[in-house]
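Next come structure tokens for two forms of one protein chain, structure 1 first, structure 2 second.
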Structure 1
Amino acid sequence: MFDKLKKILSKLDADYGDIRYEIKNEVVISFNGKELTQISTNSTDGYVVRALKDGGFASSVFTKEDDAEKAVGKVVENSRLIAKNLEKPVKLTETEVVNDTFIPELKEDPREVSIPEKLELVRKYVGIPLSHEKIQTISLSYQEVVREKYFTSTQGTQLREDLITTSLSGEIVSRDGNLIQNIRVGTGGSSGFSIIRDQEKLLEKRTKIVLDLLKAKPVKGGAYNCILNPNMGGVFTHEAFGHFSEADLIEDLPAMREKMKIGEKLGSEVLNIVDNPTLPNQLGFYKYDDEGIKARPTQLMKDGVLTGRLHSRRTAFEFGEPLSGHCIAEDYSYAPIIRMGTIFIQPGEHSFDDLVNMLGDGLYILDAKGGATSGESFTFGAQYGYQVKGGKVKEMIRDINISGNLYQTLKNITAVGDDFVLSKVGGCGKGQVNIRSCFGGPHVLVKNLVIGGV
């Protein structure tokens, strides 16, 4: 394969070029209640070629080898056209030449598990919630995505890496008269098929929560001191803070670049944030990004001070900052863009009981449920929560929305737990879909969160 890719690149009249070839295999098994709604397997492949010519940088996607020469000509032509319309030429940060192959060690390769066995496992999980009287339905899907990637560049880098993702995700719906509640359920990762097995307790736990929600009271709106669980805190970190750490999102926004200057004090002194795609067996793990750059941990915030940013080769040069290995594509259909890998608040020193005692009276908010950001402002739904009174977790609450200002909220994080949980099902829709976008962290204590309710 590499000989073929090098032959294509040899026809590229450019100052720099690279090409990525991928074979993508997918399996999807979906249920809506007891009904099997989808069972599919799909295999596709394709190429992405990029070229830097006279300061213009362009990409071209093609799926047939016979179209390679046409794609190479087109990408150079487009690079020249872009160069003529730029005020400043594109430059790429220099990087080391790498020659490596990385095939992950899996705890049971999903490709070696038969479709009938996968089907019956999902069917068994579907039956767990449906055995309860007040469960209206469950939607549940198994998804398996295998990306076999080959990358080479005119600078001599040559990489082969597999990304293998398995997930089980869906929603359980309960009903009592006119009252309907729902809860999300999911597990998965990059460690192999074994993580999909033995998930009966997960289904039972989520079923109990959605049944308990039928008896929960809607939260009363107001400003509260709150504890956010790892999922809720992780979504805040990803959505409200993490995207502003992606250099391509702020490079053309002067006001945001000013606020997000390295060295600025943005959060409380207890706050440390990292993006680390090198954590083995986690959903967000990879060894090399789609520019051929080795992934590395990036300290984004230390003691509340902004210390780093996520980059492509282009933005690293533009900002004069180090490469981070965070330029990722959904698959062979796209050129890569800057993406988070595994972003989280680093654990602190407080146990959960410590946090509850420090909170005294307030709310314990669990598991994100949609949301949106607009500039510095954010709004997220929560799947459920609890009243906290006198340092004790009390009644369940529902219908929760939290909102606030990013920078004020970062300063209002006053204590960080010593636990650490990362998401097993991810996803980010910035420009492209990244199913391996991972987030999480510890429990965190936040002052004065605005809670929408009755």
Structure 2
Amino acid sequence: MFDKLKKILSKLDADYGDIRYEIKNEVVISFNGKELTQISTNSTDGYVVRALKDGGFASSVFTKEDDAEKAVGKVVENSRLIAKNLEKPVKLTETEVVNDTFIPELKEDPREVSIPEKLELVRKYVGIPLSHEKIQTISLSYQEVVREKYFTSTQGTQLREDLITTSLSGEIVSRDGNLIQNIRVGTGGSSGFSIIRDQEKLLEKRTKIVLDLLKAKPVKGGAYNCILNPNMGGVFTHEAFGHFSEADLIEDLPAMREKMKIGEKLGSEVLNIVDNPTLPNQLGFYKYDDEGIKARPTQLMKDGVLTGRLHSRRTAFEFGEPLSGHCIAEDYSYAPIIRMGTIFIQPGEHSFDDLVNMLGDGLYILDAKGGATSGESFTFGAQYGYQVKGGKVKEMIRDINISGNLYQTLKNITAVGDDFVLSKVGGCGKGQVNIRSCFGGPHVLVKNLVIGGV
């Protein structure tokens, strides 16, 4: 394969070029209620070629081998066109030439588990919520994505890496008369099939929550002090802070870039944030990014001060900051862009009980559903929550959506818990979907969050 890729690259009239070829093997088993709606095994493939010519940097994507010449011609033409319109030429941070093959070790290789066995396992999980009278339906999908990646560049780097992701994810819906409630259920990761097994308790726990939600009260809109659980805090870290640590998102927003300078104090002193794609067996794990750069942990915030940023080769040069290995593509249909790997707030010293006592009156909100960020504003929903009164966790609440401002909220995190949980199902959409987007952390206490209610 590398010979073929090098032959394509040899036709590239450019100062730098790279090509990535991927075979993507996918297994999908989906249920809507008791009904099986999809079972499929498929293999697709494609190429992404990038070129730097005269200071212009562009990419081209193709799926037919016959289109290689056209794509190579187009990417150089586009690079030249960009170069003509640039104020200053694009440069890439220099990097070592690497020749490596990395095939991760798995706890159980999903490719060796038969389709009938997978089907029966998912069917068994589907049956758990459906045995309850007030459960309307469950949608549950098993997904297995194996990306076999081949990367080579004109600088001589040659990399072969597999990314194997398994996931079980869906939604349980409960109904009482006209009231419909839903909750997400999911597990998975990069460590193999074993994480999909023995999940009965997870299904039972989520079923109980969605049944309890039928009796929960809608939260009243307003500003509250809140404890966020690790999943909720993780989404907050990802949405409200993480995206602005992605250099490409602020590179061309001069005022934002000024606010996000390294050394600026943006958060409260209790806040330490890291992105680390090298944590083994976690959903966000990888060895090399899609520019051939070795992933490395990046301390983004230390004691509330901005200390680092996530980069591609292009932005690392532009910002004069170190490479981080965070330039990732969804698959062969996309050129890579800067993505978080595994982002989290580092644990502090407070037990959960401490945090509840410190909160006194407010809300305890759990498990994010949906999240979005646009500039300094962010919003995301919580799947459920509880009122906290006089330092005690009280009745359940529902219909919780938070809105906030990046800069204010980072300063409003007043205490950090001593626990630590990372997410098992990803799916960040920044133009492309990253199924390995991983986040988490400890419980955190945040002051003055705006909750929408209904």
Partner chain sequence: MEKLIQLAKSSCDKAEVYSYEYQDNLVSFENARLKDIDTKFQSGFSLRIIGEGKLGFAYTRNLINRKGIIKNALDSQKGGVEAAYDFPQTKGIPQLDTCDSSLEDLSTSRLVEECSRVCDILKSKTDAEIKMGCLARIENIRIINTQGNDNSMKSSKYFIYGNMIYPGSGLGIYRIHQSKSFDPVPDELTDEMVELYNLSSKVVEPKGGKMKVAFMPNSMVTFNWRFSSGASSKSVYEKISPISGKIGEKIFDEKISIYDDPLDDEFLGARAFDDEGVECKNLTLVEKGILKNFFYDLDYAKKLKAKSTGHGYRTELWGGDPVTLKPIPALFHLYIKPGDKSFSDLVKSMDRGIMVEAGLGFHSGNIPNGDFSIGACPGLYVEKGEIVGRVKDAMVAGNIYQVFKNVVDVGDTLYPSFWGGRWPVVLCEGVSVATKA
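On a predicted model such as this, the values are computed, not experimentally measured, just so you know. Rigid core (definition): largest C-alpha set, two forms, superposition within 1.5 Å. Sequence positions of structure 1, starting at 1, serve as the residue numbers.
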| property | result |
| --- | --- |
| Answer for which single form is the form predicted alone | 1 |
| F62 C-alpha relocation of at least 2 Å between the two structures, rigid core basis | yes |
| Is_shifted L12 between the two structures (CA, 2 Å cut-off, rigid core) | yes |
